[in-house]
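Heads up, the chain shows up twice below as structure tokens, two forms, tagged structure 1 and structure 2.
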Structure 1
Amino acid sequence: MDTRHMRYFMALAETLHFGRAAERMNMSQPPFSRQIAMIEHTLGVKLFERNSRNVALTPAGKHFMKDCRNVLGQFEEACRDVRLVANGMKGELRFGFMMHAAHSVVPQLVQRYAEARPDVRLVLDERTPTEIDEMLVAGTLDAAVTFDCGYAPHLQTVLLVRERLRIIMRKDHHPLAAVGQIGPEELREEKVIAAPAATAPALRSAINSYFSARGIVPHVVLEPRLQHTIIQLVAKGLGVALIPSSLCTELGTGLMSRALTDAPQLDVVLRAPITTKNPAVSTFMEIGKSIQQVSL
């Protein structure tokens, strides 16, 4: 038996009339009656009591009707779901992002996508930029927000925002705390805390280039992987740091940020493999285009 036979049974169970049930199934009555007899023979169970005037379900038939309704409902739902998944309307999307991007573009991107595709499950994964690059190549992420690390022909890229760096320090840091804008020269003797190139190559390159353009080598004393750790270390008075401006809006009470002269600028992008087979990605990228910002 298959779902076709279940539909024959359900037509008669719901109408309790061979003629109307056969019509519903676009059949003449004799072959339809033979199908019902074949179903009962296959199951070895009498499903209907019938005489010349009436058709009624047996107790076994009533139970079978309930089970068939559930099975057919699940089957129809499965058919709908597979079409929705193929059209990117249902399924799962694995989304990676730099931790600091949660302070800028990620909440809006996730909100817009959840509204547009409520039946797609977003799996969020906070990672460092290097981890994101590796996971996009490996296919363990479907899309990600990260720094633009240059030419990547295997990825489709949408620019989300151009973000400038700012310097953070303790409020009691003298004399820097009193300076309006700070350049590399003022930082020549400062202890700098920065993420290592192995973790965030684009960010570290921007910091190094900012100093080297003035012939200065920054005195980097600590290299934690995460920006939030960097902020905590600055709060302990262990140095200053150049961090994305989006992280400077909610600094602790003992910290402050200052603009940098000719501040380095980094492109924050949404990326996904060009060869992705996940149909849910295309809408994600389109929403990324719709929330582009000029700068932070």
Structure 2
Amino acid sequence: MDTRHMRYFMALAETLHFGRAAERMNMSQPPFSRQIAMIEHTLGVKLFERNSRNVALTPAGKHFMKDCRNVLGQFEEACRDVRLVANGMKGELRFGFMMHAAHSVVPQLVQRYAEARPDVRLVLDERTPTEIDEMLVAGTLDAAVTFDCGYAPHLQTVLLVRERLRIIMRKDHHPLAAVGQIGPEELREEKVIAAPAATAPALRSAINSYFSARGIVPHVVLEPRLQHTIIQLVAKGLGVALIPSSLCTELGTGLMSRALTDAPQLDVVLRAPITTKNPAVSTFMEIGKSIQQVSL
């Protein structure tokens, strides 16, 4: 038995006429009759009650008809869908992103892609930049939004946003809240809270070199991994922090953000392995390009 046999069966079940059914199958009646006989023989079931004048379905045939309709439908759909998957119109895209980007480009990117490719299931995976890098090379992620960490020959990169770092502090911070221009010198004595290099290398190195360029070693007192935690610790008065400007829009009431002199810049990029086999990735990258914005 095969789907071809099912199609023969369906043709006869719908026409109840060997000649016309054979015609529908683009063949002559005699081999068609033989195929029907063969189907009944291999199944061991009489599907049609027939004489030289009339053809009718047996109860078993009626039941088989429903099942065949189902199977043939699913069969066609499977063959159609595999082409869609190959074209990136359907399937799955595992998308990683760091918390820093969750409030800026990610929602827009996800929404526009979902509109463009509604049949691709977007699997979102919130990770630290280091984890993202590992998962991209391991192939566990198809694409990710992270900080540009420089050299990455096996990855294709699309710049999404170039963000300046701003400083956040309590509104009642003394004496910083009153200072006009804030730069490394003004922060020399401040307690700084920043993510560890092992978690966010690009961010941490931007912060570090901001200070070291002026020969200053920042006084980093706490190194939480989550950006959310950093903001909460600043709110408790445990220090100040340098965070991307896009995160400054939703600070709590007790906090304020200020621009920095010669503020360090960080590139938020969309990345994917060059060797990716997932055809859904290319349009994802295209949409990334279309929402590029150099400055926020």
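Owing to the predicted nature of the structure, the values given are computational and were not obtained by experimental measurement. Rigid core (definition): largest C-alpha set, two forms, superposition within 1.5 Å. Numbers follow structure 1, counted from its first residue as 1.
Matching the description of the form predicted alone is structure 1; structure 2 comes from elsewhere. With the core superposed, residue 51 shows a C-alpha displacement of at least 2 Å between the two structures.
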